[in-house]
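Two forms, one protein chain; structure tokens for each follow separately as structure 1 and structure 2.
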Structure 1
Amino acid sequence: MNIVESVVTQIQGLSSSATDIAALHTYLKQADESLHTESARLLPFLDHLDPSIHSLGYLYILDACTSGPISEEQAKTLVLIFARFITSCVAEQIRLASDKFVSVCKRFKDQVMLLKAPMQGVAAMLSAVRKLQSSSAHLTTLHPEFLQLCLLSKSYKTGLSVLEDDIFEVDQPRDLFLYCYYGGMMCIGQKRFQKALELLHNVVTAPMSSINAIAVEAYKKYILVSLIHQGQFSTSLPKYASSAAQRNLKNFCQPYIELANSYSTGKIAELETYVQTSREKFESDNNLGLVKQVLSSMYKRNIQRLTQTYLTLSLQDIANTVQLNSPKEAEMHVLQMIQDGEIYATINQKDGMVRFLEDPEQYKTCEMIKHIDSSIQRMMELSKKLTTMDELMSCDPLYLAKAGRERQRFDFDDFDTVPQKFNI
């Protein structure tokens, strides 16, 4: 019996109980190098294993037999094998060799990309994310891979399912950057601009010792989405943003800062001229679509400003003030804004007059009370989690060592003295 047949026999015999699987894991780690040596002849042996029973062993063999270069023709067959394994494997088994599982899933993503069929990998990769997670608060290395497939296949709604989770555990900092960046792009695709701003803000303000390309691209989109959703942008970052971000981000995004400055004037002709001048730059950054939405949003902002000054106004006056081509075009903008809940108004079709109204929300309907209560409950839960994390961090040896080094930089006079009754 050669080494491969021996490994398959061991996998079949040691996959029934937790004790057996632990013993099998030890055996497979020792046999791993031999399996890679035999990688060219491993694929047929997968037919002797059931991925829903022999998950750990199946993972080791699949990892070994796909470790070399894979042609497009081979990928067509392997994609189906990968997908079947990922969707049917047992989470408790694959977590014993999580590095191998991540490696296999990334190869699966590479193969669906090679076949130009990202949609084919979405369902399986979502299953992989859920199986690798220890809890819904855990951000895995596979989250960005899954979101990238969703973006490329335009499966935005599927991708949004993982963006609703509150993340408290991160394996690698890069995973968080990519998760928030891809998530922000996905929310932009769904026009969920408030959520997109939140995610892009997380990228820009995340701890970083030096500036990185993901943060720069996120900042560009953060500027554009701020203009679209809020009608304004501030270049000052919050105090908790890293010094690297505060010093350098603006330098890499100057055309976007200038766009925001032009937008703040409220002059549509000036903004259009600047967009045309910098069109090539925006296009090379793949942000031209967003820039066009910024341009369109200026009409809305100018109409919103009118609601603060006038109670009634003709469509012709709105068109003239906002620099639209005709009263009909002004009517279309006003109707769209009423539909989106951006303004409250009525249009008299007979005389072409628009009457601006107050916000009708009285905050006393059952739906609103339920929404407020849900938000309060979520904040309370979040507060509990933050308190727990704070307590854990205050006992962490690495944190205490760093805090001790930082404290030596200050004089003892900077700290409150210990009350007399606590002196020993």
Structure 2
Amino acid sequence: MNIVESVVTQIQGLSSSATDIAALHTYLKQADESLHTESARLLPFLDHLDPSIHSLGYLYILDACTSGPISEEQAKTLVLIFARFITSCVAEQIRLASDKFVSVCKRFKDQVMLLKAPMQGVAAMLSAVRKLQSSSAHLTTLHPEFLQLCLLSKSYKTGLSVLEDDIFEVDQPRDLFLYCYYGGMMCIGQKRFQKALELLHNVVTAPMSSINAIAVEAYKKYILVSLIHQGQFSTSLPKYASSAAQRNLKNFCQPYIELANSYSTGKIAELETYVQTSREKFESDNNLGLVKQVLSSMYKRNIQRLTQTYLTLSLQDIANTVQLNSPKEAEMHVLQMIQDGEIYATINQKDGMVRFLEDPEQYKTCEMIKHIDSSIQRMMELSKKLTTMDELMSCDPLYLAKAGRERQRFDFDDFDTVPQKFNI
């Protein structure tokens, strides 16, 4: 009992300045085990502490008192305590014990899922993520947890706000896989297919020594999204994808690859029959909705191809070429595409004719100039980043050692001169 009280007093006393916090941290690390033994009693002590001032201490005690199994009744109160802590804690303090923070947040997430109320956890997790990352380009273990909650609670907009950040640093590769996979799913839900394609592409081409289930599922969705968005799919992965992925991913996604082949023939009837026959496989992967979107995208692609060859075309001809059942259906499709901005056209109902127009964008407006300018700025920043990274790499001793070893094999002119001391 004394231990707990003394811990509380220490926390209250040593939470004001940075040096105090460091000392508190060492003290807490030592006291951690004893705290865990007293876990059942710890809950009321939390009221003595203010999470916005005593974040580090609060964290330790919270971690200790929730380390055991928790019933649903307790979960309801605990969830509120967790949420309050996370939203009000101080970022610098909790970063000192990031592992603990991560496990606390994970437990929070489990509670929220247990109560089947993922919505409650979204806001708190968002602030947790923001506090844990050292910069907006840093991917933490909490990112996928957060995205999972967003997916389950259908709060896509919040999720998307996090996805907008570019990621350059990763703690654990598994986090990246899950993050990109969930992110891809969210973008698909919001019909942002380009970003979904990017995220899924990252999963599929990430370095991996052996393939994992996440990569397989991501590849399946990748095939479907690239059919919807680009109308084509090439089975060869780029060279920088890991050899494990290049060799093995295809074997697990056979029905999808056949779907892509059937799509490339351009015949709707074939595609439909194929989808019908393989319906169960798609359903068991929860991809049936996407597959249906692939089907409708085929009509769109065929109509788009018509805009390249015709200036005007009758609705009857469109229906015939694209293999729709009637001019009315063709009209509906064309109307939908005009509204979505996928083609530029006008429908003349009197004659039953569609007139295809050119893209009205003239690239002369102020907005366009601003857009181009900001793109240029972005490219320049990226280039700078790239050059910095290259320079850092060339100074890295490990790299130089390897390059020095390999030197004998190559011509003298093949790469930059490496200092003598790195020669074997």
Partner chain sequence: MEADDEIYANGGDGPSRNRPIISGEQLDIEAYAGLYTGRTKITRLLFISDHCDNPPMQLEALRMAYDEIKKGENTQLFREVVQKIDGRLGPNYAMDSAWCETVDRRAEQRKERLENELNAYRTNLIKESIRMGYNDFGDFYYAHGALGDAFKSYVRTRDYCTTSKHIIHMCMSAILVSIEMGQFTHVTSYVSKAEQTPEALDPITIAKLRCAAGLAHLEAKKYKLAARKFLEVAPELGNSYTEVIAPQDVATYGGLCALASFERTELKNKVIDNLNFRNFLELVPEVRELIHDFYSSHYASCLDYLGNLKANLLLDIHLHDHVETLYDQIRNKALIQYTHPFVSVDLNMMANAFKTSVAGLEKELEALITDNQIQARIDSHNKILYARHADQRNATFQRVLQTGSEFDRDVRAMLLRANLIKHEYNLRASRKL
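Just so we're on the same page, residue numbers count up from 1 along structure 1's sequence. The term rigid core refers to the maximal set of C-alpha atoms that superpose within 1.5 Å between the two forms. For clarity, every value in this text was computed on a predicted model and none was experimentally measured.
In this comparison, the chain shown as structure 2 is the form predicted together with the partner chain.
Annotation: Cα of A40 displaced by less than 2 Å between the two structures, core superposition.
Core-superposed comparison between the two structures: the C-alpha position of D50 differs by less than 2 Å. Core-superposed comparison between the two structures: the CA of T26 stays below a 2 Å shift. Its Cα shifted by 4.4 Å, Y399 is compared between the two structures on a rigid core fit.
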